[in-house]
Each structure stands twice: as structure tokens, then as C-alpha cells.
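Next up: a single chain in C-alpha cells, the form predicted alone.
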């Protein structure tokens, strides 16, 4: 399977956890079709943990829970396929899944064939309850071979939480995307900590093997399985989605698309941000600024000058068709200026060239600029631009 752009889809875990069912998956697929998610590129509908019985059958096969999935997985996969989506499921490299269900350690080949027989197109493969005596790399290699032995194209989404630096070796095992962090929660600190932890590793992410920094929490607003801590506001959700798009991370929606707030839905379907994430060159961004944010506001104790170290980030991304993406991020709680000096992206003043800038979210034409273009942003906010080279 060739995978030139980061996978996009929906996963049940962030909102629903164990509360999953055949009808939920069908409703979600119908809603995503009706509201334009499929047309926007969200192709995978993925069932996470808690879908099976606690015991295998007499032939050693995994068994879908008949109370949750009374028609079986093949019928559900056929329904999802009939709407134009691809169907995904979950297992684990350990002896049990994270929620205590049967997992695939020493059952890789029979489980892979079971998934193929059901029509599965995507396997999320977790790392809970893994024997301390076993070798993690080898077991991911084993499942990769097991999936290929079925003869079916199945996207292999490895999820080992960053154990043993997976960005160094997952691509060589035939993996298509790899979870490089712990689980995300629906709060600002969680998603920003996750993104910051991988900034130096995205240089090794690209076509056919993408760094997966976990599923999006956009639109959850404190409701659901990973709603821990203070929920994000609209500006913070926009920052999360813009970061994932600029970094070139997989976009797996974790909110309830059947009841998505208009702002969150419009954000997830924004053509400018998706154009950056789904660019055919699949290049990671450069960090052209990573440093302090200065907030100037009178405070009777601290005075006028407030400095937030390492709170500013500017990402510059080469795109196809001689276009570029520019993302400004203010991680400070207060407003401040985020700089972009064009020379840091290889375009000094003496080049005789400039950038024609457009707001990627709104489409606003910002004109032609030379040498620099800084942004003053509110706390926790971002701005993303599309840029074209202009000869002067």
C-alpha cells in the first residue's frame, strides 16, 4: 500500500470509549457522508478498543460482542464500504488490549486473516499488557508480515506511544503511521505538550510512514471518554487542528460528528488547512522561530514586561506547485508578537523575491511582503497563511 498523504478519518475512542455499537458506527458513517467529511478526505471509520468478547472462540478467533455488534463485523464493514468509506478496527501487540480484551500477541497471523476476512482496511495496533520478556520491534514486524500475508491492503497504524524511538525504525517494518506519544486528553496542555514533544522528530515523518500524535479532540468541549481537565475553547481547538495540519500528522477525528458544533465542523472541513495537511509532496515543516513571547501590559507587581520562554512557534512548510504554508502559534496565556523573518526560510531581502500571503482559513488576501511578516496573536491562538513566491 502506498500512502502519499497523512490518513484522515474518525475513531470511536476519544468520545465513546467502551460505549460503541453497530448503530453508532452506521450513524457516524452516514453523518460523515451527508456533511461532506468523505468528500473532504476523511476516509477511515475506525472502531477502537472494547469491541470483542473477553474470550476467543474454539478455533482461536476473536469474536465481536453480539450485544454491541449483532450483525457481525463483515456486515458492518460492507455497510461502511457501501457509503464509500474504509473500515478500521483495533487490536494490541500485548496479551490483552488496554481495556482487558483479547489481544494479538502470538495470534498475529490468525487475527490478521480474521480482519481481512471481515473486510478491514485499517488496523490500529496498541501496546498494552506487552510481555517484558518479548521484543516490541519484532512483534510489530510480525503483525506487519501477518497483514501482508492476507493479500489485502490494510493500513497498519502502529501505536507504541514513542517507546524505543519509533521514528527511527517503524518505516523499515512496513508500518504506515506510528503513535509517538501517550494518549491525548481534551485540554490545552495535553495537546500542546504532545505536539512540542515531536517537533524535532517530524523531519523523519513523510510519505508511507507518518508520525501520529494521536486523535483530535476538536469539538469535544469537555464531553466524552478523554474529557479530562479544562476543555478547550474555539481558539484552542483551532490551534490544535492547525498544528496537526502544519506538522503533517494524520487527522483522525475523535469528537461526535453527529452533534458537532458549527465552529468545530467548519474547522475540520476547512479547505485551506486541509490543503496544507494533504499536500502531495508530504514534507514536514521547518521551525523558523521557536522562542519567547513578550507581552506588554502594566502590572503593579511585575511592571510592563512579561516574558514567556519557548511559547512562540513559527512553522514554514514547502508545498507542491511552488506554494508554502506558514503557521504562527502563541502558546503563552497572554497576547504577543510571533515573528517570521523570511531569511530564516531561505528567502533573504537580497534575493529580489517576496511572498504573496493569503489567510489559509478565511481566504483573505494579505498582499505582497518582503523580508518579514510578524503576527500579534492572542494567548493560545494561531494564524496560518498560504504563501507564493513573487519576483520583484
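The shown structure was predicted, so the numbers you read here are calculated from the model rather than taken from an experiment. Numbering follows the first chain given and starts at 1.
What comes next is about the form predicted in complex with a small molecule, which does not appear here.
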*asked:* Counting any non-hydrogen atom inside 4.5 Å, which residue from 207, 274, 128, 288 sits next to the small molecule in the predicted complex?
replied: 128
*Looking at 267, 99, 235, 227, which is the one with a non-hydrogen atom within 4.5 Å of the small molecule in the predicted complex?*
99
_I'd like to check something about residue 124: if you look in the predicted complex, is any of its heavy atoms closer than or equal to 4.5 Å to a heavy atom of the small molecule?_
yes
*Would residue 256 show up as a contact with the small molecule in the predicted complex if we use heavy atoms at 4.5 Å?*
no
_in the predicted complex, is there a heavy atom of the small molecule that lies within 4.5 Å of any heavy atom of residue 161, even though the partner is absent here?_
yes
*asked:* When the contact criterion is heavy atoms within 4.5 Å, does residue 87 count as touching the small molecule in the predicted complex?
replied: no
_I have 13, 179 and 215 flagged as a candidate spot, so tell me whether each of them has a non-hydrogen atom within 4.5 Å of the small molecule in the predicted complex._
yes
*Quick one: which of 30-38, 320-328, 47-55, 350-358 gets within 4.5 Å of the small molecule in the predicted complex, going by heavy atoms?*
47-55
